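Next up: just one chain, as structure tokens, the form predicted on its own.
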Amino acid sequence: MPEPEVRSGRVLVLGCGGTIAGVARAGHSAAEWVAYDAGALGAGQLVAALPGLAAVPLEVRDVARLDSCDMDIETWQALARAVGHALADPQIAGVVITHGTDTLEETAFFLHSVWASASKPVVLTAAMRPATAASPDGPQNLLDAVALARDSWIRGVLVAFGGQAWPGDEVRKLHGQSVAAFAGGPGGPAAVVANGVVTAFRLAPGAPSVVPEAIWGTDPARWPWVEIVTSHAGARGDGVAALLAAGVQGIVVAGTGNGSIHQTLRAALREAQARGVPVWRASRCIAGGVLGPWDDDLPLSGLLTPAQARIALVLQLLATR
């Protein structure tokens, strides 16, 4: 197999905040990695701290400086627009997005839904430890992301973390504290990065599910409201009734096992369907998704997580407006 080439052009680095840009709070030591302010540093500061990027042609700007648990539609729209412009610019080789880990898989799936067929790399990365930690993991993750964004064999939306890269529709956060926090689907990583060298295994981009203009051309206040409800022992339907009364426009149910749903909650969900509110069935299990057939008419989300299914339903409703 021939050696991959470095793409010509600049790498666009878009900062969104997160732990990778986090700084320890006053009076706390670097060892107290939970006591920090996410998004305190700009993307330019992250890049400037890495001598290994000094010779790489970069364009750097901040889209947001959020704790990713507060990720919002406006930031998603700005990211989708910025990525679209970069993909159309022949001077841009690829895109790197620095992000928080909490909703990284959601933003990755969202961008994959819009730009999965991109002929250039769109690489998200993050960190579990803030920039001021004694041994931060963000610098290496960012270096790896830039290497992926410059590699001639890489295309589509990926997440780079811990020396591996997964397609945006497969990545999962598995751990709340470990630096080995992410994994992907049964097919394994799409690529690995070691000492700045990319080895790619899967190269074919996917197909987008929405028209990009529908993403940034719609007022965020008009995006469909879709919520996730969870089935569990002793589940009740009152929450579904409250959502219906408040005007919810779609529901994803995170069922137990292969998407099974407590009978009381299922009755409330069927009432939601009867009122014209789409209800999708997912599983609260981290792997396996939901497989049919089932003895009711709740559509299955397949291998999507509940969070991914929510995004997919939002985009489907948005596209039909």
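Residue numbers run from 1 along the displayed sequence. Computed from a predicted model, the values in this text were never measured in an experiment.
One more form of this protein exists, namely the form predicted in complex with succinic acid; it is left out here, but the text below deals with it.
Problem - Position in contact with succinic acid when the complex is considered in the model of the complex, options 184, 136, 100, 162, heavy atoms within 4.5 Å - result: Contact residue from the list: 100.
Exercise for the section: State the residue from 93, 118, 128, 131 whose non-hydrogen atoms include one within 4.5 Å of succinic acid in the model of the complex. Expected result: The residue in contact is 128.
Exercise for the section: Mind telling me which stretch in 264-272, 288-296, 64-72, 49-57 gets its heavy atoms within 4.5 Å of succinic acid in the model of the complex? Expected result: Correct option: 64-72.
Problem - Exercise: residue 15 in contact with succinic acid in the model of the complex, heavy atom 4.5 Å - result: Close contact is absent here: in the model of the complex, residue 15 is far from succinic acid, nothing within 4.5 Å, heavy atoms only.
Exercise for the section: Report whether the minimum heavy atom distance between residue 305 and succinic acid in the model of the complex is within 4.5 Å. Expected result: Output for residue 305 is no: heavy atoms all beyond 4.5 Å of succinic acid.
Problem - Contact of residue 38 with succinic acid in the model of the complex (heavy atom, 4.5 Å) - result: Answer yes; at least one heavy atom of residue 38 falls within 4.5 Å of succinic acid in the model of the complex.
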